[in-house]
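Only one chain comes next, encoded as structure tokens, the form predicted alone.
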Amino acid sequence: MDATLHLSDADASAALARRLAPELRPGDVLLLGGEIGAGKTHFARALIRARLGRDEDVPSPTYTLVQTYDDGRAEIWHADLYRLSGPDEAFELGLDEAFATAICLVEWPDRLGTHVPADALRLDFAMLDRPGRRLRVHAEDGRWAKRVPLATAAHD
């Protein structure tokens, strides 16, 4: 699955996250790529709040590296790997086990090196010269095509 979307503003990004949230289940990994300020954390916050069903404080895990939540159906891991120097450090956090048992949102997934789960959904955010963001969506695993709500998002 490959798609490129134009998210007109932060609300459009949050709306996509809210539509995707109920489709996720334990073992799902979302790789959130893009430069600083591209909207990765904003998307993750909206998705986590939608899963929790409340407007909870969802801090960026930039310094804690991982924040975890439990929505009563699944554990949710939000990881920010920006400060890591290599994949071994990611696994010291327990990410390998979380990939199998939790819903994982991973910012800066390039820090995983070759240890990226093959069935992950990749969401790459990019700032534009015009308002909004470009979002490239990619998955090798065909199961994502039925679960990712792209039909209601604007395509480039």
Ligand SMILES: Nc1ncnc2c1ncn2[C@@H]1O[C@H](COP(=O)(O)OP(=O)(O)O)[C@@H](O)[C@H]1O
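As the structure is a prediction and not an experimental result, all values here were calculated from the model. In case it trips you up, residue 1 is the first one in the sequence shown, and so on.
If you look for the form predicted together with the named molecule, you will not find it shown, but the lines that follow are about it.
Residue contact check for E92: none of its heavy atoms lie within 4.5 Å of the named molecule in the predicted complex. Under a 4.5 angstroms non-hydrogen atom cutoff, the named molecule in the predicted complex lacks D141 among its neighbouring residues.
Taking non-hydrogen atoms only, H42 approaches the named molecule to within 4.5 angstroms in the predicted complex. Looking at D9, you'd find a heavy atom of it within 4.5 angstroms of the named molecule in the predicted complex. Think of it this way: in the predicted complex, the named molecule has a heavy atom of just one of G53, P59, G113, G37 within 4.5 Å, and the residue is G37.
Residues within 4.5 angstroms of the named molecule in the predicted complex, judged by any non-hydrogen atom, belong to 126-134 and to none of the other stretches in 126-134, 23-31, 92-100, 63-71. Taking a 4.5 Å heavy atom cutoff to the named molecule in the predicted complex, the one contacting residue in 83-118 is E107.
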